[in-house]
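The chain that follows stands alone, in the form predicted on its own, written as structure tokens.
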Amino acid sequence: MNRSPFFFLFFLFLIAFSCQKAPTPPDYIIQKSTVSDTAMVVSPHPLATEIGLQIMRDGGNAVDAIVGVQFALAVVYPRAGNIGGGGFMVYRSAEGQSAALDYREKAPSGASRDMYLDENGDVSPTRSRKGHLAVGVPGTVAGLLEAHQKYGSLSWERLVQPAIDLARTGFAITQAETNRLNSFQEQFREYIKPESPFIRDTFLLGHKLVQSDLALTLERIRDHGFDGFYAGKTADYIVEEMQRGEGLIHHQDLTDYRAVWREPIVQTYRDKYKMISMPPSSSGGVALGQLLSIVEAYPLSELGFHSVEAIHIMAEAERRVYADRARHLGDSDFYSVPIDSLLDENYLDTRMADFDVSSAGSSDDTEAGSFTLAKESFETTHTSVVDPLGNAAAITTTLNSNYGSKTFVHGAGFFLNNEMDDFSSKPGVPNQFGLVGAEANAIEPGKRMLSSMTPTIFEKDEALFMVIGAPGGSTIITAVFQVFVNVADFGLPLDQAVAAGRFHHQWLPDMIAIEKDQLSSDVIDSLQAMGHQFRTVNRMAVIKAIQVLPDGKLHGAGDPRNPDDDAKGY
């Protein structure tokens, strides 16, 4: 039987195709809970965790480790680890000195108050969440440089190089990242050119993700520092990308960007704990301080973990604190945030004056407090570090949504944020996380948008006790609050405190969000009888925490809500 040469060619193609091996699943060792003697890193990815540990083994300190981890996350955790976004760092030295670094993104100089309103004066939410117009001026690189210049001990080049190596040689993607990349292909194709490494018909578990353009960008950052990102070729790529869409970022916006050191928010709790947290443009420290001050008046440990009474008290505190957040919090460089008044004990007593132990309040009747003056996506990421000397750092960075605005800087190899959605596009209109804002968080050129990120360090009896933070949009604050209370008041071990089910009230909408199957039906029924309404969500914020145990050892805990969360030490 005669056969065409094309038949044999086709037959050989089938044989070759069938012999191709599927990618090998990565053999990463991921630990959710571990205890170590000397140092600890808890991060969203095992490769980043190991880089942080190796930096400390080589003599680096907590800030050195943080810098190395963050650049590594820009490679291995592209949906949230980033150089196209911004964030916050809280630091405590072994001697007890503390500092807070604000490298939140800024509105471009061309931004305007009503830029997301349509011809009818209504908010057009897509424009603040997807595409070039949603992008704020990135702060991550400036922030890491600033942190290193003040506290770093190893060379800048040593800290950036591991990320360069990962980007150039590639790494095997985990199941979680495989799922994310596949689920966002349709949106990517709307904004990203086909030659991007993130465009593919199907990603498979273990696929080797090589990011050559990103490696070159990281080399420029390694060699030229600030100018390696905010000037020169990388800045040209960013501006060219802005010009492809409706983006507003220009070269001057980039060269003008600066990270800012601020005074941390400090609050005592039950006479033995001290909270050190992030001030505005984060709402986290003020809100967390308010929550702790309010519940301090109640015997939570006696009421019991997840008791009806404890949940009722904590949810009503959250209702009032989020009402204050909506009205009073914004970028303190543009708006006089009344921090002292918001944290004043007498003021907080008045906030709970109408609290009824037997029935739920109403958000319709709960407004922001008044006195006489004398928001985030899960695709944020957090890292907690304690070094061998006892220095501690908590750092939270974000692109806001998964892969930010879905806008990709072609030639430079990274995604850009969609943080402009964290402004109040119109007072009273919620953003993507349901958070409502007011004049304090209105859009202005050069202004930092309000955030819920809450990197926090706790002391106990003047010694380091806990390093904690999370991604999770509006639920970050309440998750940090609840995990700390789970340990301090309810006596849970750290890993159980992190894994425990969470609840969240943010004033509007007027309901308690609860994680699926985490509260008993009896507890829910009792709270509903008091007037509380519920909605169920799959998960809330993803905590990464370190606790100093009574014997001085370090207990690190990653969150089971994220399969890639990793806690390791030595």
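All figures in this text were calculated on a predicted structure; none of them were measured in a lab. Each residue number is its position in the shown sequence, starting from 1.
Another form, the form predicted together with ligand DON, is not on view; read the next lines as being about it.
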### Query
Of 207-215, 165-173, 473-481, 311-319, which is the one stretch near ligand DON in the predicted bound form, taking non-hydrogen atoms within 4.5 angstroms as near?
473-481
### Query
Each of H45, Q70 and S384 near ligand DON in the predicted bound form, meaning some heavy atom within 4.5 Å?
no
### Query
Of these, T140, N441, S452, T456, which has a heavy atom no more than 4.5 Å from ligand DON in the predicted bound form?
S452
### Task
Tell me, out of Q290, S277, S405, T398, which residue has a non-hydrogen atom within 4.5 angstroms of ligand DON in the predicted bound form.
T398
### Task
Give a yes/no on whether R104 approaches ligand DON to within 4.5 Å in the predicted bound form, heavy atoms considered.
yes
### Query
Relative to ligand DON in the predicted bound form, which residues of 402-425 have a heavy atom no more than 4.5 Å away?
E419, D422
